[in-house]
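Given next, in C-alpha coordinates, is a single chain: the form predicted alone.
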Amino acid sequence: MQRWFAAVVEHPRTADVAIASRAVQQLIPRREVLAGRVVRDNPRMSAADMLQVYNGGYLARLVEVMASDYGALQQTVGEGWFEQLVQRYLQRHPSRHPNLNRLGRQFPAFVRQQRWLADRRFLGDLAELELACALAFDADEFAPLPADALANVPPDAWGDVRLTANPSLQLRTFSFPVGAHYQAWKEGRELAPTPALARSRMAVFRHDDRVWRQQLTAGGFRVLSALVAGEPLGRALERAAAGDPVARWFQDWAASGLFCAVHFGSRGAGPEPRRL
(Lines give C-alpha, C1' and ligand atoms only; values in the text may rest on other atoms or scores of the structure.)
Protein backbone atom coordinates (compact mmCIF):
# COMPACT_ATOMS: atom_id res chain seq x y z
CA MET A 1 0.00 0.00 0.00
CA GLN A 2 2.79 2.44 0.87
CA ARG A 3 4.67 1.68 -2.34
CA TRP A 4 1.47 2.13 -4.34
CA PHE A 5 0.68 5.47 -2.71
CA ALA A 6 4.25 6.71 -3.26
CA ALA A 7 4.10 5.65 -6.92
CA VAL A 8 0.85 7.56 -7.46
CA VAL A 9 2.07 10.67 -5.65
CA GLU A 10 5.43 10.72 -7.46
CA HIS A 11 3.97 10.11 -10.92
CA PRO A 12 4.68 13.04 -13.29
CA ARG A 13 1.15 12.97 -14.74
CA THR A 14 -2.19 13.23 -12.96
CA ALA A 15 -3.39 10.73 -10.37
CA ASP A 16 -5.93 9.05 -12.70
CA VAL A 17 -3.15 8.48 -15.26
CA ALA A 18 -0.90 7.15 -12.50
CA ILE A 19 -3.56 4.70 -11.25
CA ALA A 20 -3.91 3.29 -14.77
CA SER A 21 -0.16 3.02 -15.44
CA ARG A 22 1.42 -0.42 -15.72
CA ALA A 23 3.96 0.14 -12.93
CA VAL A 24 1.31 1.27 -10.44
CA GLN A 25 -1.13 -1.51 -11.39
CA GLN A 26 1.53 -4.08 -10.64
CA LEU A 27 1.16 -2.97 -7.02
CA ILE A 28 -2.63 -2.55 -6.90
CA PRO A 29 -4.95 -3.05 -9.93
CA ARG A 30 -6.92 -0.05 -11.11
CA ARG A 31 -10.22 -1.90 -10.72
CA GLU A 32 -9.60 -2.20 -6.98
CA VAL A 33 -9.15 1.55 -6.73
CA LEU A 34 -12.24 2.35 -8.80
CA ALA A 35 -14.27 -0.06 -6.69
CA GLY A 36 -13.42 1.97 -3.60
CA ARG A 37 -11.45 -0.82 -1.93
CA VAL A 38 -8.29 1.27 -1.56
CA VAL A 39 -9.42 4.86 -1.10
CA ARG A 40 -13.07 5.46 -0.34
CA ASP A 41 -14.94 7.99 -2.42
CA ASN A 42 -16.72 10.83 -0.69
CA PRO A 43 -19.76 12.83 -1.90
CA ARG A 44 -17.57 15.57 -3.37
CA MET A 45 -14.49 13.82 -4.81
CA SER A 46 -13.55 10.53 -6.37
CA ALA A 47 -10.54 8.52 -5.21
CA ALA A 48 -8.47 9.86 -8.12
CA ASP A 49 -9.47 13.45 -7.30
CA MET A 50 -8.45 13.03 -3.67
CA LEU A 51 -5.12 11.47 -4.65
CA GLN A 52 -4.49 14.29 -7.12
CA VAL A 53 -4.25 16.73 -4.19
CA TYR A 54 -1.09 14.89 -3.09
CA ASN A 55 0.10 14.10 -6.60
CA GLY A 56 0.43 17.76 -7.61
CA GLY A 57 1.56 18.90 -4.16
CA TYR A 58 4.49 16.49 -3.99
CA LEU A 59 5.99 17.72 -7.26
CA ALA A 60 5.30 21.36 -6.37
CA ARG A 61 7.25 21.01 -3.10
CA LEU A 62 10.23 19.45 -4.86
CA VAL A 63 10.22 22.18 -7.49
CA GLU A 64 10.32 24.72 -4.65
CA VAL A 65 13.28 22.88 -3.10
CA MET A 66 15.17 22.95 -6.40
CA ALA A 67 14.31 26.61 -6.98
CA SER A 68 15.76 27.51 -3.57
CA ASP A 69 19.14 26.09 -4.69
CA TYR A 70 18.96 27.05 -8.38
CA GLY A 71 17.24 30.43 -8.33
CA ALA A 72 19.54 32.01 -10.92
CA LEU A 73 18.93 29.14 -13.32
CA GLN A 74 15.18 29.37 -12.75
CA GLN A 75 15.12 33.07 -13.61
CA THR A 76 17.38 32.55 -16.61
CA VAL A 77 15.21 29.89 -18.28
CA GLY A 78 11.86 31.06 -16.89
CA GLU A 79 9.62 29.41 -14.29
CA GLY A 80 7.68 27.27 -16.78
CA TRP A 81 10.76 25.82 -18.45
CA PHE A 82 12.43 25.35 -15.07
CA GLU A 83 9.49 23.30 -13.80
CA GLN A 84 9.63 21.09 -16.90
CA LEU A 85 13.36 20.67 -16.42
CA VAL A 86 12.92 19.66 -12.79
CA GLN A 87 10.12 17.21 -13.69
CA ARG A 88 12.43 15.48 -16.17
CA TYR A 89 15.25 15.49 -13.65
CA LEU A 90 13.09 13.86 -10.97
CA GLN A 91 12.09 11.10 -13.36
CA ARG A 92 15.79 10.28 -13.79
CA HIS A 93 16.89 11.12 -10.23
CA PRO A 94 13.94 10.76 -7.82
CA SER A 95 14.33 11.86 -4.22
CA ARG A 96 15.88 8.95 -2.32
CA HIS A 97 17.19 10.59 0.86
CA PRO A 98 15.39 12.26 3.78
CA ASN A 99 17.77 15.25 3.53
CA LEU A 100 16.46 17.35 0.63
CA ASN A 101 19.77 19.20 0.46
CA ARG A 102 20.95 16.20 -1.55
CA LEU A 103 18.15 16.33 -4.11
CA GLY A 104 19.96 18.45 -6.70
CA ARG A 105 23.45 16.90 -6.57
CA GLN A 106 23.21 15.50 -10.14
CA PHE A 107 21.38 18.53 -11.55
CA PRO A 108 24.30 20.33 -13.30
CA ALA A 109 25.33 17.18 -15.19
CA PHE A 110 21.69 16.55 -16.10
CA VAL A 111 21.25 20.09 -17.43
CA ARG A 112 24.31 19.71 -19.68
CA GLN A 113 22.77 16.58 -21.21
CA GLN A 114 19.48 18.24 -22.24
CA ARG A 115 19.82 18.85 -25.99
CA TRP A 116 16.41 20.53 -26.11
CA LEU A 117 17.79 23.34 -23.94
CA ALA A 118 19.31 26.25 -25.78
CA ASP A 119 22.65 27.24 -24.23
CA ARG A 120 22.75 24.03 -22.18
CA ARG A 121 26.53 24.33 -21.64
CA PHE A 122 26.18 27.78 -20.12
CA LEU A 123 23.15 26.72 -18.08
CA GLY A 124 25.09 23.69 -16.83
CA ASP A 125 27.91 25.96 -15.69
CA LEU A 126 25.42 28.21 -13.91
CA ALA A 127 23.87 25.19 -12.18
CA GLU A 128 27.37 24.02 -11.20
CA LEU A 129 28.07 27.34 -9.51
CA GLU A 130 24.77 27.23 -7.63
CA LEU A 131 25.46 23.66 -6.52
CA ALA A 132 28.87 24.75 -5.20
CA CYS A 133 27.16 27.49 -3.18
CA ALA A 134 24.65 24.99 -1.77
CA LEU A 135 27.40 22.53 -0.83
CA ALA A 136 29.45 25.26 0.85
CA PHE A 137 26.45 26.42 2.86
CA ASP A 138 25.59 22.88 3.97
CA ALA A 139 29.16 21.78 4.82
CA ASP A 140 30.23 20.68 8.30
CA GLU A 141 31.15 23.26 10.91
CA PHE A 142 34.83 24.19 11.20
CA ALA A 143 37.19 26.57 12.98
CA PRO A 144 39.35 28.70 10.63
CA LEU A 145 43.10 28.54 11.08
CA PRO A 146 44.25 31.25 13.55
CA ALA A 147 46.12 34.12 11.95
CA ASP A 148 49.35 33.37 13.88
CA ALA A 149 49.35 29.59 13.30
CA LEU A 150 51.99 29.65 10.57
CA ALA A 151 54.34 31.65 12.79
CA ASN A 152 55.04 28.45 14.73
CA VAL A 153 56.36 26.55 11.70
CA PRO A 154 60.17 26.08 11.86
CA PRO A 155 61.95 27.81 8.93
CA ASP A 156 63.42 24.54 7.66
CA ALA A 157 59.98 22.88 7.62
CA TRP A 158 58.21 25.27 5.23
CA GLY A 159 58.66 23.06 2.19
CA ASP A 160 56.86 20.19 3.95
CA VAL A 161 53.98 22.22 5.37
CA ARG A 162 50.56 20.79 4.50
CA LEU A 163 47.34 22.72 4.96
CA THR A 164 43.89 21.29 5.58
CA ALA A 165 41.18 23.15 3.70
CA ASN A 166 37.98 24.03 5.48
CA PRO A 167 35.24 21.55 4.52
CA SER A 168 33.09 24.16 2.81
CA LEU A 169 35.69 25.03 0.15
CA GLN A 170 34.58 24.19 -3.40
CA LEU A 171 36.95 24.73 -6.34
CA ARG A 172 35.31 24.96 -9.76
CA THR A 173 36.32 25.72 -13.34
CA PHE A 174 33.79 27.00 -15.85
CA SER A 175 33.70 27.39 -19.63
CA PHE A 176 31.69 30.61 -19.26
CA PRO A 177 32.02 33.67 -16.98
CA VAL A 178 29.04 32.62 -14.87
CA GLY A 179 30.15 34.65 -11.86
CA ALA A 180 28.98 37.95 -13.36
CA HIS A 181 25.65 36.45 -14.43
CA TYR A 182 25.08 35.01 -10.95
CA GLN A 183 25.99 38.32 -9.30
CA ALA A 184 23.50 40.17 -11.50
CA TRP A 185 20.79 37.76 -10.34
CA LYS A 186 21.80 38.21 -6.70
CA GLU A 187 21.53 41.99 -7.05
CA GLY A 188 18.18 41.82 -8.84
CA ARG A 189 19.54 43.32 -12.05
CA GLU A 190 18.37 42.40 -15.54
CA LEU A 191 20.12 39.28 -16.75
CA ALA A 192 22.26 39.67 -19.85
CA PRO A 193 22.13 37.22 -22.78
CA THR A 194 24.38 34.17 -22.72
CA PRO A 195 28.00 35.39 -22.67
CA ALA A 196 30.71 34.18 -25.00
CA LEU A 197 32.98 31.32 -24.03
CA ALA A 198 35.61 32.49 -21.54
CA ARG A 199 37.23 30.12 -19.05
CA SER A 200 36.88 31.11 -15.41
CA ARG A 201 37.95 29.64 -12.10
CA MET A 202 36.37 30.15 -8.71
CA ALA A 203 36.63 29.27 -5.05
CA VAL A 204 33.30 29.04 -3.23
CA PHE A 205 33.36 28.81 0.57
CA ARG A 206 31.55 29.65 3.78
CA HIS A 207 33.00 32.27 6.09
CA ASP A 208 31.26 33.89 9.05
CA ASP A 209 28.06 31.98 8.17
CA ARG A 210 27.90 33.45 4.67
CA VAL A 211 28.79 31.90 1.32
CA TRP A 212 31.45 33.76 -0.64
CA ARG A 213 32.76 33.47 -4.20
CA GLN A 214 36.31 34.38 -5.14
CA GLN A 215 37.62 34.52 -8.71
CA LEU A 216 41.00 32.82 -9.14
CA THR A 217 43.73 33.19 -11.72
CA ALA A 218 44.99 30.07 -13.48
CA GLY A 219 48.09 30.00 -11.25
CA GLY A 220 46.14 30.61 -8.08
CA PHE A 221 43.74 27.83 -8.96
CA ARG A 222 46.59 25.38 -9.56
CA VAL A 223 48.33 26.21 -6.28
CA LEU A 224 45.15 26.12 -4.21
CA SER A 225 44.00 22.87 -5.83
CA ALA A 226 47.34 21.27 -4.97
CA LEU A 227 47.08 22.39 -1.35
CA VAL A 228 43.51 21.10 -1.07
CA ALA A 229 44.70 17.76 -2.48
CA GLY A 230 47.17 17.53 0.42
CA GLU A 231 50.41 18.33 -1.40
CA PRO A 232 53.18 19.99 0.65
CA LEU A 233 53.58 23.72 0.24
CA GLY A 234 56.89 23.46 -1.62
CA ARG A 235 55.45 21.21 -4.29
CA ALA A 236 52.24 23.24 -4.58
CA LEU A 237 54.19 26.47 -5.15
CA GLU A 238 55.92 24.88 -8.12
CA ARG A 239 52.62 25.28 -9.94
CA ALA A 240 52.81 29.09 -9.73
CA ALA A 241 54.30 31.03 -12.63
CA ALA A 242 57.16 33.47 -12.25
CA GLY A 243 55.83 36.79 -11.01
CA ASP A 244 52.61 35.38 -9.55
CA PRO A 245 51.66 37.27 -6.35
CA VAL A 246 51.86 34.18 -4.15
CA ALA A 247 52.23 36.11 -0.89
CA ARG A 248 49.08 38.11 -1.61
CA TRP A 249 47.17 34.94 -2.48
CA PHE A 250 48.02 33.40 0.86
CA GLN A 251 47.03 36.56 2.71
CA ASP A 252 43.65 36.56 0.96
CA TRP A 253 43.11 32.84 1.50
CA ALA A 254 44.05 32.98 5.17
CA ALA A 255 41.86 36.06 5.77
CA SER A 256 38.96 34.26 4.08
CA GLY A 257 39.35 31.26 6.39
CA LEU A 258 40.12 28.75 3.62
CA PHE A 259 42.28 26.62 5.91
CA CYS A 260 41.49 25.06 9.26
CA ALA A 261 44.69 23.18 10.17
CA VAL A 262 48.40 23.17 9.38
CA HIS A 263 50.75 20.20 9.57
CA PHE A 264 54.50 20.00 9.11
CA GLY A 265 56.73 16.99 8.68
CA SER A 266 56.83 14.34 5.94
CA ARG A 267 53.87 12.01 5.68
CA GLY A 268 54.73 8.36 5.88
CA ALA A 269 58.16 8.90 7.53
CA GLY A 270 59.13 9.68 11.10
CA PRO A 271 56.62 11.05 13.61
CA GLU A 272 53.07 11.99 12.77
CA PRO A 273 52.58 15.57 11.47
CA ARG A 274 51.66 17.95 14.22
CA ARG A 275 48.51 20.05 14.21
CA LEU A 276 48.95 23.58 15.47
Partner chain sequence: MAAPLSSLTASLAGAGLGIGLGLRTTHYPEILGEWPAIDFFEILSENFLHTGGRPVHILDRIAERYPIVMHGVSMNIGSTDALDRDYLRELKKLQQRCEARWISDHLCWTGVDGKNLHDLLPLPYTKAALRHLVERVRMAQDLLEQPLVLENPSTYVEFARRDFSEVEFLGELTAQTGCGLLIDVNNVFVCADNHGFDAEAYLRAVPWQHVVYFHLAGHTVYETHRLDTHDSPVCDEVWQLYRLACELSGGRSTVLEWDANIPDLTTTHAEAQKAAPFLRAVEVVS
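Remember, predicted model here, so these are calculated numbers, not experimental data. Positions refer to the first chain, counted from 1.
The same protein also has a form predicted together with its partner chain, omitted here; what follows describes it.
K.L.:
Is it true that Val153, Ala229 and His263 each have at least one non-hydrogen atom within 4.5 Å of its partner chain in the predicted bound form?
P.N.:
Verified in the predicted bound form; spot residues all out of contact, no.
K.L.:
Report whether the minimum heavy atom distance between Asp140 and its partner chain in the predicted bound form is within 4.5 Å.
P.N.:
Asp140: yes, in contact with its partner chain in the predicted bound form.
K.L.:
Determine whether any heavy atom of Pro98 comes within 4.5 Å of a heavy atom of its partner chain in the predicted bound form, and answer yes or no.
P.N.:
Answer yes; at least one heavy atom of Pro98 falls within 4.5 Å of its partner chain in the predicted bound form.
K.L.:
Tell me, yes or no, whether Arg102 is in contact with its partner chain in the predicted bound form, where a contact means a heavy atom of each within 4.5 Å.
P.N.:
Contact check for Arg102: yes, within 4.5 Å of its partner chain in the predicted bound form.
K.L.:
Answer for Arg30 alone: is it within 4.5 Å of its partner chain in the predicted bound form, judged on heavy atom distances?
P.N.:
Residue-level check for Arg30: no, no contact with its partner chain.
K.L.:
Among 197-205, 131-139, 78-86, 156-164, which stretch has residues whose heavy atoms lie within 4.5 Å of its partner chain in the predicted bound form?
P.N.:
Single hit among the candidates: 131-139.
K.L.:
Which of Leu216, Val38, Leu233, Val63 has a heavy atom within 4.5 Å of its partner chain in the predicted bound form?
P.N.:
Answer to the contact question: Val38.
K.L.:
Relative to its partner chain in the predicted bound form, which residues of 1-35 have a heavy atom no more than 4.5 Å away?
P.N.:
Counting only heavy atoms within 4.5 Å of its partner chain in the predicted bound form, the contacting residues of 1-35 are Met1, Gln2, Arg3, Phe5, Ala6, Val9, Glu10.
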